[in-house]
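Below, in structure tokens: the form predicted on its own, a single chain.
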Amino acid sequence: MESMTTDALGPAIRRIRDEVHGVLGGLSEAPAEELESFLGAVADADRVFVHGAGRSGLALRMVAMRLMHLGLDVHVVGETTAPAIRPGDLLLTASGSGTTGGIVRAAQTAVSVGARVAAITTAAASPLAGLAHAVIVVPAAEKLDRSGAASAQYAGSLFEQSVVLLGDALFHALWQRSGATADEIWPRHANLE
């Protein structure tokens, strides 16, 4: 790898800042009913199961933690302590392509037992979006898009960054609705670190 000059990191930070700003700016202008449907799906769920692969899955784990801080009953799909999904539950997914096999199969299972699905994806016409009751379409590059048109970043980086920030926005909106103070939710923060 070539030696980096001292001015290489600054432009990279600005590029990522600008791309994230553009995506989130577009999402904040999405139809209110779409955003409210997504928020309502999480708020109304008996239990929330999060499922994503790779970096998208890691981003959803961050979302799961914050939802747990609010007092929601949250599970990460694939963990040994995750129970069976059932009617009244929500499967919260993230897949840039909306075609990731394990995530689509999990969504099919959720729907077949009467649970609901919420999806974050770049592909509105994907199988995952077709199964979802609530969808947020992120205008970012798909993992295999190396054209640089939607993002100069590598693979699905912009999508994964957006999942984290959407999760934080989701948490913040639900927290504000709850009326709980930071001191009231703090006791749910991990103390076995």
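Given the structure is predicted, the values throughout are model-derived calculations rather than measurements. Residue indices: 1-based, along the sequence shown.
The same protein has a further form, the form predicted together with a further copy of the same chain, not shown here; the description that follows concerns it.
Residue A64 is the only one of L131, A64, V135, A45 with a heavy atom lying within 4.5 Å of a further copy of the same chain in the predicted complex.
When a further copy of the same chain is considered in the predicted complex, L165 lines it closely, a heavy atom lying within 4.5 Å. Interface residue remark: P83 is counted as part of the site for a further copy of the same chain in the predicted complex, having a heavy atom within 4.5 Å.
Shown alone here, V76 lies within 4.5 Å of a further copy of the same chain in the predicted complex, counting heavy atoms only. Remark: A125 does not count among the residues lining a further copy of the same chain in the predicted complex, judged by a heavy atom distance of 4.5 Å or less. For the partner-free chain shown, Q176, R177, A182, D183, I185, W186, P187, R188, H189, A190, N191, L192, E193 of 176-193 come within 4.5 angstroms of a further copy of the same chain in the predicted complex, judged by any non-hydrogen atom.
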